[in-house]
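Have a look below at one chain only, the form predicted on its own, in structure tokens format.
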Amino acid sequence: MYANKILLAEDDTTDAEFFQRALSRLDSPPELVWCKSGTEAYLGLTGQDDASALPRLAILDIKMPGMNGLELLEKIKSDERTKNLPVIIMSSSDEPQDIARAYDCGANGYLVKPNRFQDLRDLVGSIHTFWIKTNRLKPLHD
């Protein structure tokens, strides 16, 4: 069983706070674990002794200092402990090459960050409904 949480790797404080605000408006929202860099997110994911502490979903921004979101995605998908973790890229980029590269690296989805809070709230609601409430994850084996 995975923990009822979402990992958000996002270096922009405003974007992360808006995401948290949108998430908090949901019924029974999961815990948000906010990491400000790809390195911090990867260490948090792989530093778990208990596989059941893994989040149900990771959402990564592409453009972060140090380890960017695509590098983090590649590490997540190549690590035996985290390879089955669903990962969505959520970026301000709508460039076809960024989208293609994300899927080539193993992304389970690619979303463009909305410009308006209401649109973000709707998007976060959709993420929650599908990835947290409806989607079934591969069972963990310790």
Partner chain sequence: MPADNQIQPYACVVIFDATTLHICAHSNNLQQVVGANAGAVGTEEADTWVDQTLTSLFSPDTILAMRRMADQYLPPPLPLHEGQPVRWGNRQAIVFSAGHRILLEIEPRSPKVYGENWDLRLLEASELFARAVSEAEMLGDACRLLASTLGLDRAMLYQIDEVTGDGIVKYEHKNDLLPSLLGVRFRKEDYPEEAYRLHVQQPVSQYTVSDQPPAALIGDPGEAAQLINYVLGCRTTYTAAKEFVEQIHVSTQVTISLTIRDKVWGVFTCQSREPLYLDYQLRTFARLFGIQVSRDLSSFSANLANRRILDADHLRARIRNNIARASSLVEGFSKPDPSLIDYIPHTGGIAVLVEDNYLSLGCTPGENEVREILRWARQEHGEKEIYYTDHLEGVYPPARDLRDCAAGILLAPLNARRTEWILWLRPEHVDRVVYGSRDGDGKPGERFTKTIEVREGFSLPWTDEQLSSIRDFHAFVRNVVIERYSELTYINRQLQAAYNELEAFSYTVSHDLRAPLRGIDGFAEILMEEYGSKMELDARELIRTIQFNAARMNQFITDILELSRVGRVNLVVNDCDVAQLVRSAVADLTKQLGHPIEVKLQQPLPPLRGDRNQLLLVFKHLLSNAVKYSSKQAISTIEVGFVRRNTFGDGEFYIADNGIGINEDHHQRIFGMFNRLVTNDDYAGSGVGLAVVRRIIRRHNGEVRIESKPGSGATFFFYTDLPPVITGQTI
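Positions refer to the first chain, counted from 1. None of these values were measured; they are calculated from a predicted model.
Missing here is the form predicted together with the partner chain; even so, the following discussion is about that form.
- Site annotation in the model of the complex: the residue of 104, 31, 79, 95 reaching within 4.5 Å of the partner chain with a heavy atom is 95.
- Of the candidate stretches 52-60, 32-40, 85-93, 70-78, only 85-93 has residues with heavy atoms within 4.5 Å of the partner chain in the model of the complex.
- Within 4.5 Å of any heavy atom of the partner chain in the model of the complex lies no heavy atom of residue 131.
- Mapping the unseen interface onto this chain, residue 114 counts among the residues with a heavy atom inside 4.5 Å of the partner chain in the model of the complex.
- In the model of the complex, the partner chain lies within 4.5 Å of some heavy atom of residue 12.
- Mapping the unseen interface onto this chain, residue 17 counts among the residues with a heavy atom inside 4.5 Å of the partner chain in the model of the complex.
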